[in-house]
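Heads up, the chain below is alone and in the form predicted on its own; it's given as structure tokens.
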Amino acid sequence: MKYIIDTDPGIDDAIAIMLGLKNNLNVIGFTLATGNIAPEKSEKNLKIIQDFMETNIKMYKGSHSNKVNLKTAEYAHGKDGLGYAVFPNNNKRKIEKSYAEDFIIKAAKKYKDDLTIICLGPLTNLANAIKKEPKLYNYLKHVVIMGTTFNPENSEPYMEFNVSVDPEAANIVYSTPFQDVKIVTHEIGIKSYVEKDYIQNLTNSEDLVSRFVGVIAIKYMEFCEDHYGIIGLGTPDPTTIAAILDPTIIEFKPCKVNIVAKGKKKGVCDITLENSSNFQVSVDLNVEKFRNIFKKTFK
């Protein structure tokens, strides 16, 4: 299986990408979304990640930023998106001239059932591809999304960041009849946190990539403790990648997804379980299996 990773590389995206690449995920391209940080910072960070990984995977930016509800999450990821780490802006790697949505369409028509797109940020690029090629679902069969929220104990649906940044795009994607869509919710990603002391120890690792993970994670751990009461690193995006590497990590159930795209509740996502559906939502996970992959990769 070949993969496209659609990403807005703040801290958790960066760690997710490195988790996948270190475990030989066959990534054929990165498409850059606007979400955690501004587009130019996403480009810079993706180049930095590829430097650390010593890879040369093609990178494509969207034809435009999401225009619905533009906001960033520097409060969680730091000013430049990689926590307290600061890197010079002199990377010579090139962004491809063609746009993200065109690459998605071209790759889908070329690889068809042998391609999965992994969406770690707002769904602007995939929505743009659907608008340009309404029958995209005939070619692109497999979609994995980190986003939305599902908690049966919470009677009031709430806004999740990736959806709220571009609800119209999310509505387009979730209204498209893809053959196989797996959704890893924000709740599952927070439950699968890695212990603080383990992450702190990575800053002294002899492995350069593991040390990089430890350094950039410090800021996000502070955010997780302040906002979720977690003493450790919340891992929504790494958990999404890990569940591809080991499908037994997350339990999925068929569901229906409703995204409020307009009005006062714009950005609210409401998920209900169904008897059968091409869309499946995460309902449980094996934390120890996830941590095992994470710790075998970064040590």
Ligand code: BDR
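None of these values were measured; they are calculated from a predicted model. Numbering starts at 1 and follows the sequence shown.
There is another form of this protein, the form predicted in complex with the ligand, and it is not shown here; the text below is about that form.
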Would you please decide whether L120 lies within 4.5 angstroms of the ligand in the model of the complex, comparing each non-hydrogen atom pair?
yes
Could you confirm whether T31 comes within 4.5 Å of the ligand in the model of the complex, counting heavy atoms only?
no
Just to confirm, H186 within 4.5 Å of the ligand in the model of the complex by heavy atoms?
yes
Check whether P236 has any heavy atom within 4.5 Å of a heavy atom of the ligand in the model of the complex, and answer yes or no.
yes
Counting only non-hydrogen atoms, choose the one of 21-29, 8-16, 285-293, 272-280 that falls within 4.5 Å of the ligand in the model of the complex.
8-16
Honest question, do Y198, V213 and T297 all end up within 4.5 Å of the ligand in the model of the complex by heavy atom distance?
no
Answer key, the ligand contact in the model of the complex at 4.5 Å (heavy atoms) among F103, Y220, Y193, Y174: the residue is Y220
Contact with the ligand in the model of the complex, heavy atom within 4.5 Å, among E133, E160, E74, E168 goes to E160
Residues of 127-152 having any heavy atom within 4.5 Å of the ligand in the model of the complex, listed in sequence order:
M146
